[in-house]
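The form predicted alone is given below as one chain in structure tokens.
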Amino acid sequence: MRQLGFGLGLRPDHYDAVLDGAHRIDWFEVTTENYLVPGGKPLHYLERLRERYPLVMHGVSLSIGSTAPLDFAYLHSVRELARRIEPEGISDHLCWTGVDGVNLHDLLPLPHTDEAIEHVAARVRQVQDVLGRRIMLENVSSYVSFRGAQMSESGFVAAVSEAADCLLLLDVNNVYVNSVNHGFDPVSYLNALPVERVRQLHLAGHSRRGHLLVDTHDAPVADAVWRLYEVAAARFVHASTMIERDDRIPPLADLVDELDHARRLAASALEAAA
């Protein structure tokens, strides 16, 4: 995936605002499952938007870590949508979402073991064969740890990408959330990832629930996440940046202002690293 600049997650609340005028937005990430239909209003807007902006497809249903068989009907639908809108990239999450036909509608973490790496990598290779391209996998937030872990989360993410020969979508907010929840150094996490595989950076808001931080996507990006983003922007210079907002969605102008802040931080971080 080429460097696209600074983008937003496309939300129905903003369809008309995006099409009504020029904005300081370089590209949009679209939720794959919202457009796996032969027609209708969402796809109508998507086809109009693709004439103006580069798009990236971001899924939530791959369940790449599950022990259930891959859903090839779903993969073929994803492939057909990709043929239709020609996205710059396709991504999903390094997680599992269900088993035995039960979808838990959550992005559940995997044990950080050699066995899990081998299992996930084999499935990613199958997915990439069907789609005819490398995909990006996103690190997810987590609220529990596995006793049998054989490595750090960052080591696991890096190892999966190498074994599967896939790309990475680095969610900076999730790194920060997990660093607080599990007590690790978030900068060391960033430094453990292979620079050449990280092609996209996510920014989002989180909330505190008791002693845990929860990845809620319902608030502006936190100051601590912005500081971590400066480190990420300086290290992963070829990665595109985008902001996610899924609840309490503000006017488009507010998100564009937040995106401008990301531009300024990235420029400053690159200048300081030069």
Partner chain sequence: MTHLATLQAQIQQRVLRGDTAIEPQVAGRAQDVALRLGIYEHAYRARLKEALGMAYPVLRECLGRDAFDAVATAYIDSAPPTHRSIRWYGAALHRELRGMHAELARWEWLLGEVFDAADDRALTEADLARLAPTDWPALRLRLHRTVRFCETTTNAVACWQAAAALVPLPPPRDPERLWWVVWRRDVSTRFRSTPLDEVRAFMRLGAGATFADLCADLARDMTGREAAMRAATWLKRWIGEGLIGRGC
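Positions refer to the first chain, counted from 1. Since this is a predicted model, take the numbers as computed values, not measurements.
Just so you know, the form predicted in complex with its partner chain exists too; it's not on screen, but the next bit is about it.
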(request) Identify which of L62, I243, A232, M57 has a heavy atom within 4.5 Å of its partner chain in the predicted bound form; exactly one of them does. (result) L62
(request) Taking 4.5 Å between heavy atoms as the contact cutoff, choose which of D129, D165, D185, D71 touches its partner chain in the predicted bound form. (result) D71
(request) Pick the stretch from 22-30, 49-57, 205-213, 222-230 whose residues have a heavy atom within 4.5 Å of its partner chain in the predicted bound form. (result) 205-213
(request) Considering only heavy atoms, tell me if P111 and its partner chain come within 4.5 Å of each other in the predicted bound form. (result) yes
(request) Flag E80 as yes or no: does it have a non-hydrogen atom within 4.5 angstroms of any non-hydrogen atom of its partner chain in the predicted bound form? (result) no
(message) At 4.5 Å between heavy atoms, is R134 in contact with its partner chain in the predicted bound form?
(response) no
(request) Look up in the predicted bound form whether R197 has a non-hydrogen atom within 4.5 angstroms of its partner chain, and give yes or no. (result) no
(request) Check, residue by residue, if T67, D106 and H119 all come within 4.5 Å of its partner chain in the predicted bound form, counting heavy atoms only. (result) yes
(request) Could you run down 138-168 and flag each residue that has a heavy atom within 4.5 Å of its partner chain in the predicted bound form? (result) S141, S142, Y143, V144, S145, F146, R147
